[in-house]
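Okay, here we've got a single chain as structure tokens, the form predicted alone, with questions on binding and movement later.
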Amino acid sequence: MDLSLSTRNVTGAGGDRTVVEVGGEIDVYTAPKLREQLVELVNDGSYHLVVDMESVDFLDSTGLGVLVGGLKRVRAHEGSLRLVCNQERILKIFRITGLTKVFPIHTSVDEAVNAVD
């Protein structure tokens, strides 16, 4: 399966956010595409990101590494990276790895966009 990516800018109670909608599988083959997108956004000055993972079917350790790398990049600019996920099989990966303590995980894009840092 392939990876689909799209971005849009949204303003909410938390300020201006860039929403990255991700669909498909984030694995060793597709993760570089997501990494490139996150790096490009940060390089272009987008430091408050919301990664919408509602349409993600699979996530492996390479994908987790890309998300952690993205978080480090935005934090270097005093930014934030919030995740949107309500699929139990994906949430379980974040719980098992302890990354629920690292990433703010929301159940909807609206909730993530309106969260105040």
Partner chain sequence: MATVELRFSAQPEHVRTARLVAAAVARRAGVDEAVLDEVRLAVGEACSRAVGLHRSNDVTTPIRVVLTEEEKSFSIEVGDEVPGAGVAAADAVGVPGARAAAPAEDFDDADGEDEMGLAVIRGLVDDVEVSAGADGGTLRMTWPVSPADVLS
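Positions refer to the first chain, counted from 1. Since this is a predicted model, take the numbers as computed values, not measurements.
Just so it is clear, the following notes concern the form predicted in complex with the partner chain, a form of the same protein that is not shown.
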item	value
Residue 74: touches the partner chain in the predicted complex, heavy atom cutoff 4.5 angstroms	no
4.5 Å heavy atom contact, residue 10 to the partner chain in the predicted complex	no
Contact test in the predicted complex: residue 86 vs the partner chain, heavy atoms, 4.5 Å	no
Any non-hydrogen atom of residue 64 within 4.5 angstroms of the partner chain in the predicted complex	yes
Residue (of 53, 81, 38, 59) lying close to the partner chain in the predicted complex, criterion heavy atoms within 4.5 Å	59
